[in-house]
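First comes one chain, alone, set out as structure tokens in the form predicted on its own.
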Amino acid sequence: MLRLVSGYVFGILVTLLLGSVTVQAQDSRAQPREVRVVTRVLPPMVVEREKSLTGFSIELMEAIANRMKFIPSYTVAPDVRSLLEEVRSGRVELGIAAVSITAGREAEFDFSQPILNSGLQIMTLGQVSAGGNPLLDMLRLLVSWTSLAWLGIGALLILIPAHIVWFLERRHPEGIVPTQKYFPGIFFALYWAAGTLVTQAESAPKHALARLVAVLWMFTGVVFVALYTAQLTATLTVQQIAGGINSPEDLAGKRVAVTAGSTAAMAVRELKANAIEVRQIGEAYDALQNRTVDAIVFDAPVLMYYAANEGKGRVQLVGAPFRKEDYGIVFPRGSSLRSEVNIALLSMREDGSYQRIYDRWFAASR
């Protein structure tokens, strides 16, 4: 009898124990594990809206997490250096944003399959912004050294015919100089000489010799205006050519904004440009608008998105993307997540879900 009771008690205990283990296993399966992810705000890759994150990289990460049954917990880094340091230190398990796959980084980290084909792009002020205020541009032109030099030459030239006409016309009863006195008679002659030089005088001299001087002076005026126009046009053309940026080779000697530690910074230095490093791309946009830099070099998708949205009408993209690069998800060396993430990425490309996410963020800016 005692053995029978003991058997029943043992069976109940075993059943309870197995049931507890089963419930724990079910709870474990019901609660996906958390994966620490580092990113950085960089539209359209990562966009911060009302203290929540979205964007191409975030949507892609959420889709991967859904397939792999884990919950991403995000940490936001200020720049790419900080992002890579988070991965390097092991404080996070992966990083996703605009992280270019390079030989140097491949030697230190593991990368996923490329998540986006990219390259570097040049951005300058748009035609409207580059032109600036028309009134200020006109004032700069009027006080330019070219204009001042020709104004001085014109003033000296006016003195000679003005004195000749004053001397010949001052005693003519119908002359253009109404008085024989030097003052104010010379002012009438100067007004006539200046008007004849640049346009056409209101009246012609009456003295025969003064009329000959007038004809010669009108011819001089035509030549003077033609030469001044040609000189001004040549000066403006040279300035435009010297200041224009149409390709990466034109960046040499220019002030170019780049983010610190980026592949763009290295490329700009190789092109002999003056790299102005900023921590975040927003600072580069401000520097371009304030004209403290001549151009920005950064990842093409990011600049394309800005030019199509916030910078529309104010900036322009120059030339085609250069220095082709691929973005990838970055892992610490030997990460077990890499192969699973790659499988999820490949399956997303095959079933079209990757393309749908891509189109939501890049179709409007292509």
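The first residue of the sequence shown is number 1, and the count goes up from there. Quick caveat: nothing in here was measured; it's all calculated off a predicted structure.
One more form of this protein should be noted, the form predicted together with glutamic acid, which is absent from this view; the next part is about it.
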Handout entry: Contact of Tyr305 with glutamic acid in the predicted complex (heavy atom, 4.5 Å)
Key = no
Problem - Gln121, heavy atom within 4.5 angstroms of glutamic acid in the predicted complex - result: no
Problem - Exercise: Phe331 in contact with glutamic acid in the predicted complex, heavy atom 4.5 Å - result: no
Practice task
Answer for Ser100 alone: is it within 4.5 Å of glutamic acid in the predicted complex, judged on heavy atom distances?
Solution key: yes
Completion exercise
Within 4.5 Å of glutamic acid in the predicted complex by heavy atoms, the stretch out of 283-291, 257-265, 145-153, 185-193 is 257-265
Handout entry: Heavy atom of each of Ile58, Leu116 and Tyr354 within 4.5 Å of glutamic acid in the predicted complex
Key = no
Problem - Contact assignment for glutamic acid in the predicted complex, among Ala273, Val80, Val92, Ile158, heavy atom within 4.5 Å - result: Val80
Problem - Contact assignment for glutamic acid in the predicted complex, among His163, Arg88, Arg105, Lys206, heavy atom within 4.5 Å - result: Arg105
Handout entry: Neighbours of glutamic acid in the predicted complex among 313-327 [non-hydrogen atom within 4.5 angstroms]
Key = Glu325, Tyr327
